[in-house]
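Presented below, as structure tokens, is a lone chain in the form predicted alone.
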Amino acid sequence: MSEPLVAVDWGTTSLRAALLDGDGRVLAEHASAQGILAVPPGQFASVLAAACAQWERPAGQLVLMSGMVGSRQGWQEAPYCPCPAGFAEVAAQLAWVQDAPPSLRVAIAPGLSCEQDGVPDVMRGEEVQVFGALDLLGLDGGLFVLPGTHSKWVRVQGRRIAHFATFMTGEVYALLRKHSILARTMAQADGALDTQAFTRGVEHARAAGNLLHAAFSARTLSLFGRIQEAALPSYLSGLVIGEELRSQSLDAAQGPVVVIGSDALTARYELALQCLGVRAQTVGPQATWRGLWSIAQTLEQA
């Protein structure tokens, strides 16, 4: 059994922390809206201390953090680790925080970078979730997707992230939903997912082969009364997610695509993949805790 660990997922708009025992089990959790943008200058140490104040911690307690806390806008910049990279490379490039609270050893996971056609791509926090999913599912490789504002598609070989690509799916949905002509035909609230409208959007994205063309169908279908106004947000969601899936080499995936994230998002991607005849396996937010714990084990074994 290893030493306990305080694991922290610190993003732009939220802070999550967990106390893990030596076997990686979650003993307690804390969550707040104190993302990095809500922390006043010079107050990161006090916010962290308050987040885990209720937990008994030995002197020298290790705290591992991931997410935007390691960005230029965060507590301390953690330079990106280039791909291919696995547990050992990330552990070796942790950024140790100099102004950490007394008695705590605090480090930030570096995030990853890769290049394609001379253009760089980056991620912060998602790599930890992928590592956690590898451990939780007992995998050495595969194709992983992490849905969100900026979705990440990640290929893993030999327990190392070989390559990844970012898709601005969630952000494009929000822009079309709220700031385009499509917004005029939609209700203000998204409402519950209409699975029939959603899958219709996924299938039309594949058939149209171009989101710039397919997106206008949300207006014309409404104009001709072929889809209900309440179903349009689900249809549009299917269009943008379908466009994301259309660009993937899903036939080359060995085994199911692993979808990591919240229940609401993973359910949509699982349904969309099913429309395309692709099997999916889902992992929830606990992948972050497992990933940070696994990196801590790599540190102990070094």
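We number the residues from 1 along the sequence you see. Because the structure is predicted, anything quoted here is derived from the model rather than measured.
We do not show the form predicted together with a further copy of the same chain, though everything after this point is about it.
The contact residue chosen from 137, 162, 168, 88 relative to a further copy of the same chain in the model of the complex is 168, the criterion being a non-hydrogen atom within 4.5 angstroms.
Residue 180 is the only one of 180, 157, 196, 228 with a heavy atom lying within 4.5 Å of a further copy of the same chain in the model of the complex. Interface membership of residue 76, defined by any non-hydrogen atom within 4.5 Å of a further copy of the same chain in the model of the complex, is ruled out. Among residues of the shown chain, residue 211 is one whose heavy atoms approach a further copy of the same chain to within 4.5 Å in the model of the complex. Proximity of residue 30 to a further copy of the same chain in the model of the complex: non-hydrogen atoms within 4.5 Å are absent; the residue sits far from the partner.
Using a 4.5 angstroms threshold between heavy atoms, residue 115 counts as touching a further copy of the same chain in the model of the complex. For a further copy of the same chain in the model of the complex, the listed stretch (257-265, 273-281, 43-51, 242-250) containing residues with heavy atoms inside 4.5 Å is 242-250. Residues 215, 216, 217, 220, 221, 223, 224, 226 of 215-235 are found to place at least one heavy atom within 4.5 Å of a further copy of the same chain in the model of the complex.
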